[in-house]
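First, one chain by itself in structure tokens, the form predicted on its own.
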């Protein structure tokens, strides 16, 4: 989820507005009145948990895909054709929703900021295609970004010169790191670090506080997850310093100090943080399953909790931001369902992996 500058909800720095929820300082919320009314209509079309569970209970992936086609995903499902191409349908639906936001937003800065995350995701996709010698399928490039997708086709062909800064510099760093390591995950590290830094800076300069709050919490939680992964892999602490994302509220030195501890010590070190229940739950889940899957779910559920209060905001950009985050969470749940159905995972396993819904 895209979350970007400030303190996690419940901590310092969370202003409250008269409309019953967080408000963006210095912004006239009344200019959002018509747009928020439209968002309320769109919220009624979000898939409920019961709808998702019916898809989980479908006998196969194709049946679940047909069920999805009976919702507002219908045109995207029809264009994709089969459940095996579900990613194409999900990308098309996200592009459609973002087109509504881009066209109707009273402030162009809002969709531009929200679109930045997709530009970075497209850069990552294009770089990996280029570095591994695979052709890039344009249907997997997300149409919600700000940059022309033709730029990413050029990147996939090895040409980064037309990219604006800082994408161009990041692409050069990622190529250099990959040349030295031949590890595609190092591309993720380079691009994700640049992505967070860019989004947080833009969020601070434009004053969209909810995005800043989400970004800071995301950086903290991803950094804590990285600590646990590196500890479990018995990898070098140097890897943590390379992988830490900027913009979180937890000092880098404090995060780094956790990497040498056992899991109980990591949970203890997080006991004073707003994320203590997420970390302790992730540790307990690992003990039972040997997997960090529960931690991943708890992280996503925590971030969803941060945007839920936006439904009580009558005016302002917060409901718009929250709706897009809810749509992203819905798409992640659909990805979990179709991945599970196509791989013939037990229905109980798929249910356990579903994230909290906004609807």
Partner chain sequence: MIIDVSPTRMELLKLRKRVAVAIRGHKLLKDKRDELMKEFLRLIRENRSLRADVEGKLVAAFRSFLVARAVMPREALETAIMAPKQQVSMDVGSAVVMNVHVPRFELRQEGDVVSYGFVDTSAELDAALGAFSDVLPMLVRLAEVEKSAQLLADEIERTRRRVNALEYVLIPELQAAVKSISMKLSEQERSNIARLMRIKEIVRA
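Residue numbers count along the first chain shown, from 1. Small disclaimer: the values here were computed from a predicted structure and weren't measured. So that the term is clear: the rigid core is the largest set of C-alpha atoms that superpose within 1.5 Å between two forms.
As for the form predicted together with its partner chain, it is not shown, yet the points below apply to it.
- Of the stretches 329 to 337, 308 to 316, 59 to 67, 43 to 51, only 329 to 337 has residues with a heavy atom within 4.5 Å of its partner chain in the model of the complex.
- In the model of the complex, residue 272 stays away from its partner chain, with no heavy atom inside 4.5 Å.
- Proximity of residue 296 to its partner chain in the model of the complex falls within the 4.5 Å heavy atom cutoff.
- Under a 4.5 angstroms non-hydrogen atom cutoff, its partner chain in the model of the complex has residue 225 among its neighbouring residues.
- Heavy atoms of residue 134 reach within 4.5 Å of its partner chain in the model of the complex, making it an interface residue.
- Residue in contact with its partner chain in the model of the complex (any heavy atom within 4.5 Å), chosen from 107, 277, 188, 201: 188.
- Contact with its partner chain in the model of the complex, judged by any heavy atom within 4.5 Å, is made by just one of 239, 154, 263, 256: 239.
- Heavy atoms closer than or equal to 4.5 Å to its partner chain in the model of the complex belong, across 335 to 357, to the residues 335, 336, 339, 343, 345, 346, 349, 353, 355, ordered by sequence position.
- Once you line up the core between this form and the one not shown, the Cα of residue 225 stays within less than 2 Å of where it was.
- After superposing the rigid core, the C-alpha of residue 127 moves by 2 Å or more between this form and the one not shown.
- In the core-superposed comparison between this form and the one not shown, residue 143 has its Cα shifted by at least 2 Å.
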